[in-house]
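Below, in structure tokens: the form predicted on its own, a single chain.
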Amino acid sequence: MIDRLTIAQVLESYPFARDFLDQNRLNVSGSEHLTFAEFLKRIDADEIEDQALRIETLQDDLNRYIEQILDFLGVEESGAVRSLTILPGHDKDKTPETFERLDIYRSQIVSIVGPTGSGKSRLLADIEWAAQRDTPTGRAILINGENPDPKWRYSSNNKLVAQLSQNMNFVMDLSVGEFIEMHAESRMIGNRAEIKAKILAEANRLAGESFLASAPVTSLSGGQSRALMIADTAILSASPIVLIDEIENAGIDRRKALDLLVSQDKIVLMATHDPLLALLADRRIVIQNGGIRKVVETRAEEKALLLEFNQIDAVMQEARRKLRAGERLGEVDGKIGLRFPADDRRFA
């Protein structure tokens, strides 16, 4: 209960409560060790009269203020999303989808695969808008096994899905640090300096080439922009579900990106054509002709293939590094065994 917390604890847990105190001209300096009720009892009658304070309602007003801000931010609600369920609909020809239901839980990754134009975007839109048999596919979405609260469908403040598209283009005249601070301020985060440092560190861990907080966001490469948005989404976004479109084309360390999102208890849905990423997922949804054709569990033997795919990927990543550094690919690299046939002059 907020009533039992000291003022210091309230401000640490709810930094935006400082605005309430300022609006009511309440100087709590030196009284942070008291509860708010104890502080109110110490205000003398002259100060109450001069500032026209309604002492009898201030405690309730503070509680209500905190509840309203939390509701606006969607902080408690987003954390309450434990599972997402997709119930079957039909494809473009009205043929029913044959799976019974698909339950996805926090910290799980599900890949979405299928040809271009097969209906991957439609599935993602159904999830984003928490469809209730009212979209062209006839699917229904449940949250925690139940019909979703209307806030997931109609509230602009409680977004169910955070989308990371292939193209990230900034038009604002801000530095990276200012961009992160602006988002943190909009979320009313207290420890902004710490959050900014964490997001920047994670973004640089994902990006191929590091960048500073002072760098203009418009100067970032596509990979750097994508790395920044993934780190920002993982750490600051209140949306419980993250949708990523073709992360293999992002120019970032895609495995580290997925690990970061999962570590923040996000449900991750990932449209991909990359076998390595598809097998990293717990399951993959196969889309054809606008419908979910099947849901495939990633089996142990498929996971074993990841070792081979990782080796192939390591060779390709090292080849990219050598090309960017101006090195010749025909030279032997003892670290990963990057060797090419001696008679193949394409790599000489």
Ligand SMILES: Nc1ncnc2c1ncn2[C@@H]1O[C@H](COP(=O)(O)OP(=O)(O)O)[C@@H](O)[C@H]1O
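Please read all numbers here as calculations on a predicted model, not as lab measurements. So that there is no doubt, residue numbering starts at 1 and follows the sequence shown.
The form predicted together with the named molecule exists for this protein as well; it is not shown, and the discussion that follows is about that form.
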Report whether the minimum heavy atom distance between Gly117 and the named molecule in the model of the complex is within 4.5 Å. yes
Exercise: Thr137 in contact with the named molecule in the model of the complex, heavy atom 4.5 Å: yes
Taking 4.5 angstroms as the cut-off for heavy atoms, does Ser121 touch the named molecule in the model of the complex? yes
Indicate whether Glu181 is a 4.5 Å heavy atom neighbour of the named molecule in the model of the complex. no
Can you work out which of Asp149, Asp265, Asp274, Asp91 has a heavy atom no more than 4.5 Å from the named molecule in the model of the complex? Asp91
Mind telling me which stretch in 223 to 231, 253 to 261, 173 to 181, 108 to 116 gets its heavy atoms within 4.5 Å of the named molecule in the model of the complex? 108 to 116
In the model of the complex: members of 277 to 295 within 4.5 Å of the named molecule, any heavy atom: Gly290
